[in-house]
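Take a look at this single chain, the form predicted alone, given in structure tokens.
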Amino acid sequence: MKSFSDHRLFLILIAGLIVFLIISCKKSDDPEPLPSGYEPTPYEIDIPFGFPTKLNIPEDNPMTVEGLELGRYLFYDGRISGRTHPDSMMSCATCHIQENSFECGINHPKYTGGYTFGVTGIPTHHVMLPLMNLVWNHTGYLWNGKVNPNNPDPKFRNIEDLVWMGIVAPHEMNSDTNKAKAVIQNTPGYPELFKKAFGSDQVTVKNMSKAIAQFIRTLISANSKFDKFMRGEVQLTGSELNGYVLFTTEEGADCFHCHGAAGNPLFTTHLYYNNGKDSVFNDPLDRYSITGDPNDKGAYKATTLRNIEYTAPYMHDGRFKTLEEVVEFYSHHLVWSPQIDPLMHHIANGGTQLTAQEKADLIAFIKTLRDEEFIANPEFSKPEKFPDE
């Protein structure tokens, strides 16, 4: 009898364990219930003609109408710096200015000697990069690509991470995340917007970052003269067409390897190159600082050429103030080094050796990438009033 009882007890325990495992599996498979009142409206990005269909939208931050609305407010609100005094407030838009393709621009009060600076007056290490068409960037952000999806540190992987970095960086807002979220939490109207966007009226830096990232992903430029030409709506002039040929051929200006061939509407590969600016490399934040590969010394991101007219100065250190200076550099002043990128095919001659007319034609083509609709789009501009107004 004792043996039978032990056996029966054993079977009961096994059965109970199986039931427990089934219930546990079911709980883990069932989706978590949405917070009360959390019914965000999905927002779908309209992919322009000829643009890639693969978008950089993280699974944990889907695009929503409510998130986008909140992100636009926060992008322009100086209180994101954790300060309330007008003299010390600084927003994302303080330097990322729409009329300059969301870059600082060479004539901005916070531009000096090629660099912008934050509330402390400390200059940025590199000049700014524009916030435009980043929803198609899958390789990394900043001139050296420090923020990238493969960074082992999860705090440096996507657009969302650029937000908290801007809040704490000494050369930007020079604040801390606790101050930032406290000020926004105590600003009337914002808790309700956070609840609509993320299901909770508790302000967090994570959700602040998600909202601003959603707004940035909508900053799409795709209606330049060249876009209209590709859609068959307008014709390019003879000079612009000649510049287009120069841009897309190795025998010409040889731009397309780094800034995108004819079929690349982004006008950047989003990759990193040593483009022959120097032969001595001592920048502690070049691409080499990220990869540790000696061949990456002096290498930086190839920026998009869209709206390039608005984003002077040029190169990572702002050494060139005009497009004419840039074209002159690539034509006659390339500098050889062991780290020069193999795609710099004209390095042996010091440049592409373009004639004066070819330089003018190339610049004429580059200017067809100007998107006046983008820099004036009211959907991207500062809201007429903030949530507490």
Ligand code: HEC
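The first residue of the shown sequence is 1; numbering continues from there. These numbers come from a predicted model, not from an experiment.
In what follows, reference is made to the form predicted in complex with the ligand, a form of this protein that is not presented.
TODO: From the candidate stretches 225-233, 311-319, 148-156, 196-204, select the single one in contact with the ligand in the model of the complex, where contact means a heavy atom within 4.5 Å.
DONE: Going by heavy atoms within 4.5 Å, the stretch is 311-319.
- [ ] Would you confirm whether the three residues L142, C255 and L305 all fall within 4.5 Å of the ligand in the model of the complex, going by non-hydrogen atoms?
- [x] Judged in the model of the complex, L142, C255 and L305 all sit within 4.5 Å of the ligand.
TODO: Consider the chain as shown here, without its partner, and state which of I290, V183, I97, L162 has a heavy atom within 4.5 Å of the ligand in the model of the complex.
DONE: Of I290, V183, I97, L162, the residue with a heavy atom within 4.5 Å of the ligand in the model of the complex is L162.
TODO: Note which of G82, P130, G105, P265 lies within 4.5 Å of the ligand in the model of the complex, where distance is taken over heavy atoms; exactly one does.
DONE: Spelling it out, the residue with a heavy atom inside the cut-off is P130.
Task: Contact test in the model of the complex: A211 vs the ligand, heavy atoms, 4.5 Å - done: A211: no, not in contact with the ligand in the model of the complex.
Open item on the list: Is D341 part of the interface with the ligand in the model of the complex - any heavy atom within 4.5 Å?
Closed with: Yes, D341 sits close enough to the ligand in the model of the complex that at least one of its heavy atoms falls within 4.5 Å.
Open item on the list: Using a 4.5 angstroms cut-off on non-hydrogen atoms, would I220 count as touching the ligand in the model of the complex?
Closed with: Flag for I220 set to no.
Open item on the list: Is S91 part of the interface with the ligand in the model of the complex - any heavy atom within 4.5 Å?
Closed with: Heavy-atom contact with the ligand at 4.5 Å: present for S91.
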